[in-house]
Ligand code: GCU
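Coming up is one lone chain in structure tokens, specifically the form predicted on its own.
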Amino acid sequence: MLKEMLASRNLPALKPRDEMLGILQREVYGFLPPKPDDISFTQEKDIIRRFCAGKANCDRITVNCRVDGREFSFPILATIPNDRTKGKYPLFIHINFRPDNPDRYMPTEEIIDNGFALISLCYEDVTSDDGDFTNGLAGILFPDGKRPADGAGKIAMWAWAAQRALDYAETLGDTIDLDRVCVCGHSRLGKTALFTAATDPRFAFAYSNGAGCSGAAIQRGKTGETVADIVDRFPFWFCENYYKYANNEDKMPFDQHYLIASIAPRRVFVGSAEEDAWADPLSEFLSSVAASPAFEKGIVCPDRVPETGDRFPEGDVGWQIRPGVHYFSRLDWQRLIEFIKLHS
């Protein structure tokens, strides 16, 4: 059944990773900003005293970068368990909508109790979520506010910042297991998490939650949000080359299974919600299936349309659908944690 469903979508064939990434950067997200000319970190320790009932420290880190000869900085929060008898901790890098810790999308104490460390960053501390390309990292890259047709959109800039958070994590090699780092996010930041991992092989895992259109869901035959919808409301997330595919998805020399496949041979987990029709859970699932040949062990699932409550964690590509709406819930985190532990 699934083979026939994919055939009806008429998807482009998978290509070598570098070729798929080149297409995605040129045609969708814009090219990733360059790595910093220089980077350093300023630490403010224990900004929340006795955090997580004394089980963890929460430090604020300022990431200081020189990019194209200009200075740029942004904050991240590092929450590291205090117990040093358990060896190195796997790490989540969570691209979040708010700077709060904990947050409605980030149950920090539960994450710590499950044996993980956590670094979080607020996306608008990097650059604003709008069409202004003169502030934050956008202003560094495009001082006149203008960009070329394949210039980085905001998703690429937020991904760049998440990669700098991993640069900081690499300074914690005595406490962080750098072979078990997962980048994660919800909605537009789920799209960002996938692009972050696709363009940086240091991430062992990626998790997208409700990433939908231009993220985890294939666009051909998709219901809910379309390319026309997203470039009308949020054109600044993407490069200008993407706009020409509005109401023209069949002409795309790619589809979103390229983004998932570009994470191979590492692992990726895609989360969907039953009532999230705008994201289209079925198209997120089919994208995971279509990307699977790029992995040593693709998605492991029955040959049928999935049902609410299904989760398929056994393969290098995992997928789950829970009841409810567009939200990064505790259940999503619990299933993500299970996926990483299963593959660690």
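Note that the coordinates shown come from a computational prediction; the quantities given were computed from them, not determined experimentally. Heads up: residue numbers just count along the shown sequence, starting at 1.
Another form, the form predicted together with the ligand, is not on view; read the next lines as being about it.
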property: Contact of residue 278 with the ligand in the predicted bound form (heavy atom, 4.5 Å); result: yes
property: The ligand contact at residue 242 in the predicted bound form, heavy atom, 4.5 Å; result: no
property: The ligand contact in the predicted bound form: residue 266, any heavy atom under 4.5 Å; result: no
property: Contact of residue 187 with the ligand in the predicted bound form (heavy atom, 4.5 Å); result: yes
property: Listed range touching the ligand, judged in the predicted bound form by heavy atoms within 4.5 Å, from 177-185, 267-275, 159-167, 232-240; result: 232-240
property: Non-hydrogen atom within 4.5 Å of the ligand in the predicted bound form for each of 191, 225 and 326; result: yes
property: Proximity to the ligand in the predicted bound form, single hit among 89, 97, 254, 72 (heavy atom within 4.5 Å); result: 97
